[in-house]
Each structure stands twice: as C-alpha cells, then as structure tokens.
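What follows is a single chain, given as structure tokens, in the form predicted on its own.
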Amino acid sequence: MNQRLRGTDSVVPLKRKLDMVRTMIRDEAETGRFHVDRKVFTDREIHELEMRHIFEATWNFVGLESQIPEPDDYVTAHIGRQPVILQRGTDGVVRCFYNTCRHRGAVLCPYKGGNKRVHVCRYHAWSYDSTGRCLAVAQEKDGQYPEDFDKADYPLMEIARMESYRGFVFGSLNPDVPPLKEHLGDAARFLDLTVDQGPEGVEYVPGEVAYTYDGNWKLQWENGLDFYHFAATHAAYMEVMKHRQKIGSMEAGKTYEAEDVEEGTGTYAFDRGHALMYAIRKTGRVHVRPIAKDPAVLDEIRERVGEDDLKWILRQRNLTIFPNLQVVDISAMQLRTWRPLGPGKTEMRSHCLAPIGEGAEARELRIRNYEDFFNPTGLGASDDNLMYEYVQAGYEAEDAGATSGYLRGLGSDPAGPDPYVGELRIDPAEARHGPVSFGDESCFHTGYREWLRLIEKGLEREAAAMEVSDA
C-alpha cells in the first residue's frame, strides 16, 4: 500500500502540478507579450505551492539587528507558515529558532518582542535559555522518562540558514540556498542607500501596524513597484497635498537635482525576483525629507558616502526584495512585509524606518509624513488596500482570460540606455526609464520568473525524491 502511494499515485500528480504551473506564466517579453493567469491569485492549490516552495524555500526578511541590540532581546516573526523567534543570546550571538516547544509543540513565545533570558512554555513549563538550550523539564524526576532521556538533547531548533546584510536579518528554512549576498545581488545597493542615511544605520520608530486585506499577496508586491496607478488611485491624496500648499499649511518641496537632470521614472530588475522603482522629481512635493531638514546632516552623508550616493538617497525609491520585503523611501521611510494567509487574504506588517540618532525635528517630520500616507489610516495605503480587494474580486472572473497588466515598458525605449547604472555601480538584468507618466510594468516580470523557477525547482525535487524511493 505504501509503495503504491509513493509511486504512481504521487509522482504523476506532482508532474501534473508542474505542467499546470508552467502554463500560468506566458513569458514572451522579447515579442511584447507577458501574461499571468488569474488562477495564480485565486487558486488554493497554487497558494499551497507558493508557501512550500517560495516562502518556505528561499530567503525571507525576518527583522533588523537594531531591534535586538542587547543580550536576551528578541522579536517574533513568521517565515511562511512557520513561527520563529529572532533572539540575541546572552553570549551576544543572534540566532533564529522555530517558535515551538520541543515537548508538545506549543508556541513558546506569544509576544511580539521583549527581553527574556529564559523562555518558559505555558503548557508544561519546559524552559529554554536565550541561546536555545533546554534548561529544565518540569517534574522530570517523577516523569518516568526512559533511562537515556537527557534534556540537553531537546534544545530549541534553529532554522536552516540565517544571515545578516548591514543589519537586515534574513532566514531560510531550506539549507539549499545561496549565500545571502549572492541572493541579494545588486539589489543590495539600495539597502545600502537605506542604511547609509545614518552613520549608525537605521532603526524602527517605536510602534508597528499589522492588518489584513482581502486579496492575494502578489497584489501588494506588484503595487509597490507600480508608479502607473498613482495618479488615478491616489488622486484625492494629491488634491489634499495641493490644498495644503495653497493655504500654507505644508512646507513646499525642494529639489536637490542639477539643472540638467530631467524628471522621470524608471525601474531596475535584478535576478531572483528583486526590483526597484525610482522617481526623479523637480516640482511638486519633492524632498520634504527629514534628512534634508539640516544641511549639516546632508554634509555628513556626502562626506561619508559621496555625492552620487547622496543624490540617490534623496531620490524617491521603492525597493522590493522577493518574496516578502519592501522598503519605500519617499517623504518618509516605510519597511513592510507580508504573509499570505490564503489565496485571498494577506497579513501586512509595517514599520517606520529612521536613521539611528536622528534629531527631534527630523523625527517629528518623519512620523507626520509616515502617518499621512501609509497604513490603513493613511491617505494613500487605504486607497491601495481597496484596490487590492477590487482586483481580487475581479480575478474571480477566471474565464475573462489572462490579464494584460504587464506590457508597459515592452516597446521601444525612446529614452535610450539607462543613464544611471554607472553612478549606481550596478549591472541590473533589465533597466528602463521614461517620463514621469511612464509607469513601467515590465519590472514585475523578474518576480514572476523567480516565482516560476522556485515552484518548478521544488516540484522537480519532490518528484525526483519519490522516484528514487520507488526504485
């Protein structure tokens, strides 16, 4: 019976899934065609494949080292469906454990974060120190355990891989991932531009916003790279900003661009699904930025990282690190992550990022700008969340065919080669730029290629393992 289940009844369905997934993405970008089947947003089987072969098989952002600066500090998070604890041990080493007791599996730490030298399970009181050692088994002496039972054999289990890049901590449940720096590639340059805004790096402004929306996680991922929607979706926000400037209740923007630099938008696509959207603006509400409040701060950054990096720090940038991280740096910095709860429900977590040691005036402006636009209570993100739900409802019309929302940018590029890769010192897989109204959609392609690559790789590995065990 077990042999039959491992053989024909299991390998064939895996190969069927593989064939199905390969039909979901029509990648013919070289001829101006790129389509995504609506089922990738609505199908529960595809959602399960995403969780197993994407979120639980590649690098995920887990947290910032600055969240846990002291021994025994910790925060909790998820990698896919798996709860984890990111903790700095008493020995000063940062580790990432599964957030589950080794005894009966209860979540060991139900809190968002804090400082604990010892975690005690609330179910049967097994206890563990901040380095993961099992310190005590409650009533062990009277438990009639086997003679060879030793609590030292039951430490908290660490995830397969954990690495940090400039204070951004990533984890993977899969040991078969490349080194983090290789995974990030040139997208790491834009994490540098985030971290370099303060001589000591960045931190979260105290407080976190967590919410859900009734839509697929890929809607958030796409939207963070989508400049095209801004004028339509956020028209009310733009009118509010114009009114504030008219009545003098908002400081006018200031540009730091050279006179010969043209306004425009552009995108960079990198390997492994990462992408960036940038905007160069000279008019409107530009550079009402906290770091620009004090000329001495700009001078310090310029001296530390150079004129080119300062220029890009001051430009508007939306960075996506596939599959679960976006850093949005406009009038404030937002770091947001998402966790799929189903094909039509997503959990969002959002923080305001700031340079460590930022001055009081700049910090106040940062918080006000952040509150203005981001999160469900802001003027912008509330629009986005409603659009996600509209799109999710529309995608239920599966017979309407594949969507065509991936074609902007696939025509000829009248602006010519991208002029900025040299000063950024990057070599992206693709680079496109155009006028402010350009709104490139081809930057989504790299994420869908990685989506397909990871699911194909996972299904092929599972099928190969079953064939070996059946031989």
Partner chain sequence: MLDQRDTDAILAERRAAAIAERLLATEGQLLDLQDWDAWLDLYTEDCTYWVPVWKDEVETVSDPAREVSLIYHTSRLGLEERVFRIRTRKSVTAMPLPRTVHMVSNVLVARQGEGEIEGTAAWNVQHYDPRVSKRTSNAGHYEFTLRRDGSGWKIARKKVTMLDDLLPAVIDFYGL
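Here the structure is a predicted model, which is why all the values come from computation and not from measurement. Numbering follows the first chain given and starts at 1.
The discussion below concerns the form predicted in complex with the partner chain, not included here.
When the partner chain is considered in the model of the complex, only one residue from S127, S382, N174, Q82 comes within 4.5 Å through any heavy atom, namely S382. Contact with the partner chain in the model of the complex, defined as a heavy atom within 4.5 Å, holds for exactly one of D308, D73, E300, E347, namely E347.
Put simply, Y145 is far from the partner chain in the model of the complex: not one heavy atom of it is within 4.5 Å.
Contact check for R363: a heavy atom falls within 4.5 Å of the partner chain in the model of the complex.
Heavy atoms of H243 reach within 4.5 Å of the partner chain in the model of the complex, making it an interface residue.
In the model of the complex, the partner chain sits within 4.5 Å of a heavy atom belonging to T212.
Figure note: of the listed segments 106-114, 127-135, 190-198, 155-163, the one touching the partner chain in the model of the complex, with heavy atoms no more than 4.5 Å away, is 106-114. If you take 383-407 and check each residue for a heavy atom within 4.5 Å of the partner chain in the model of the complex, you get D383, N385, L386, M387, E389, Y390, in sequence order.
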